[in-house]
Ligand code: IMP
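A lone chain, given as structure tokens: the form predicted alone.
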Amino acid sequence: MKIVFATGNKGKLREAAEILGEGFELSSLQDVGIYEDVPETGNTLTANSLQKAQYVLEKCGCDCFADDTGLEVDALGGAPGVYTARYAGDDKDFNKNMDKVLYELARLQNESKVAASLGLKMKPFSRRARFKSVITLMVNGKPHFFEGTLEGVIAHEKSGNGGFGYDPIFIADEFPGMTLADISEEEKNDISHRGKALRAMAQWLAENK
């Protein structure tokens, strides 16, 4: 099946190809002549995912899918959320994004310690976080939605040379003490939020060919 993935990110394209496996011929945005930024102005991951998929469908008229992924950090009130890629600015620099998350958590954790030393009752500080992915698949012009979640905690510092995005600061519950950038690509694909959503999509496609 030929299908366009609404991304220009080689890491995401490779991950999707490996998870979907044989039977799918994936194309990127550039492969179908889309070089401009695809709009994503929604207030939720689902809205952004749908907006991107509809944009690609209108441009190329082919079956396609788009994902929107957000990192939700409990101590930050669910941020970065829909602003995950632009948390530190519109240049989408993930090193800056990670630095901002680590800085904010260090600041809040320090404030929590100070409050505790003063005898103030505070909610226990937590570094709990999760990745959420929502995929919108457009087949014959109709949208279908698939979701995946990965639970974990934010590390105190960056670690690892693999992965992309926030992987160097995210420790999944399945691999305690190791960030997503520390584990192998195969191990990450087995547990990843996007992987769960992609597998759900692949199963639906297999059942509805």
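From a predicted model like this one, the values you see are computed outputs, not experimental measurements. All residue numbers refer to positions in the sequence shown, first residue = 1.
Separately, the form predicted together with the ligand exists; it is not shown, and the next lines address it.
Name the residue from Ala85, Leu105, Ala79, Met138 that puts a heavy atom within 4.5 Å of the ligand in the predicted bound form.
The residue from Ala85, Leu105, Ala79, Met138 that makes the contact is Ala85.
Consider Thr69 of the chain shown here, and say whether it contacts the ligand in the predicted bound form, taking contact as heavy atoms within 4.5 Å.
Yes, Thr69 is a contact residue.
Indicate whether the ligand has at least one heavy atom within 4.5 Å of a heavy atom of Glu40 in the predicted bound form.
Output for Glu40 is yes: heavy atoms within 4.5 Å of the ligand.
Give a yes/no on whether Phe145 approaches the ligand to within 4.5 Å in the predicted bound form, heavy atoms considered.
Residue-level check for Phe145: no, no contact with the ligand.
Applying a 4.5 Å heavy atom distance criterion, does Gly165 contact the ligand in the predicted bound form?
Yes, Gly165 lies within 4.5 Å of the ligand in the predicted bound form.
Among 166 to 174, 152 to 160, 56 to 64, 24 to 32, which stretch sits within 4.5 Å of the ligand in the predicted bound form, heavy atoms only?
Correct option: 166 to 174.
Residue by residue through 169 to 195, tell me which have a non-hydrogen atom within 4.5 angstroms of the ligand in the predicted bound form.
Contacting residues: Lys188, His193, Arg194.
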